[in-house]
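Take a look at this single chain in structure tokens; it is the form predicted on its own.
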């Protein structure tokens, strides 16, 4: 039997960040992952580190805290995570939308974020390939991008250099408790692990892990599909999204875009990501499809049509593949970074589409929580017990 001061379950960007920061404290850490590092959601997503898609208030502050940790990380861990501080753009397609965006931008600016509105003339100066009727945009200077798989691999490697054990290809079969309801050991495919502390960073698998100790975790997989073009002509050099992406993400009532029924039903909103290799990743969609990661022709077609609406030249780009990933969705769109009623069992999951952006602050906050230190931000909005009434109703 092995022993550890803390065991992290899940080898995506959240789990590897938790292992990295926990190992920094001198604890003996084991990370266990049933497949490989970054083999799940972290390998099926975009790699952007954004605050432009955060709601003003706590959400934006949490995002900015995490974003500030990225610029120096490659040097800190001795591994290139491909950090690129390119900024981002939200595109505004109507005067009605402009009014909503101006209010949103003003509230983010009041939080101290580096955002500004761009009028019709300026947006077309900097993005000459845009459709002529786009009326403006919102620019966020601090946004950037990383390679998600390099991020997870680099964090895991750095944790390992500090003494952490990384077990891949090993599934967790059960978690055993002592009679007073305290974590005692983890049963795995390999040697069991005696430990007083478990971090459930299993993403869409977090509910399954929670049930092993009798803890209900309200996370549901929410599918997103992405198109990949061949290496092609230069269209834009940074992340571009439509402002309506925020409305599909947060399911805002009373806000209507000019989209087809297929786009509306599948949460399709335009997102464009240039890669270092010269390809483009085009998204996005949001729908509940269980654990299905198959792409759907109707959704792919709707994503393509929405992309061409903003950048007509994309009609000439050839697709080389499509893929789908599963975001760990919570009912209020906030992650869960929290202790639980089981002594020694913690949750760090439920980030939906914010996992890459919030990975580093999640690892840091999880470590502070376990160590009993004062956290960098109030954790009350992220506690699991905020869902108590909802979980009880579901039962």
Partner chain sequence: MPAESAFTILFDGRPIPAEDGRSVAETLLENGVHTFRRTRNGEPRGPFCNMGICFECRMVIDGHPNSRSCMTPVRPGMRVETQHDSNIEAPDEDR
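Positions refer to the first chain, counted from 1. Just so we're clear, the structure is a prediction, and the values are computed from it rather than from any experiment.
One more form of this protein should be noted, the form predicted in complex with the partner chain, which is absent from this view; the next part is about it.
With a cut-off of 4.5 Å between heavy atoms, is residue 318 one of the residues that contacts the partner chain in the predicted bound form? Result yes; residue 318 sits at the interface with the partner chain in the predicted bound form.
In the predicted bound form, does residue 277 have a heavy atom within 4.5 Å of the partner chain? Result yes; residue 277 sits at the interface with the partner chain in the predicted bound form.
Whether residue 180 contacts the partner chain in the predicted bound form should be assessed with a 4.5 Å heavy atom distance threshold; does it? No - in the predicted bound form, heavy atoms of residue 180 and the partner chain never come within 4.5 Å of each other.
Using heavy atoms and a 4.5 Å limit, would one call residue 313 a contact residue for the partner chain in the predicted bound form? It does: once the partner chain is placed as it appears in the predicted bound form, residue 313 has a heavy atom within 4.5 Å of it.
Just one of 119-127, 93-101, 191-199, 227-235 has heavy atoms within 4.5 Å of the partner chain in the predicted bound form; which? Result for this chain: 227-235.
Judged by heavy atom distances of 4.5 Å or less, which residues of 25-46 approach the partner chain in the predicted bound form? Result: empty, none.
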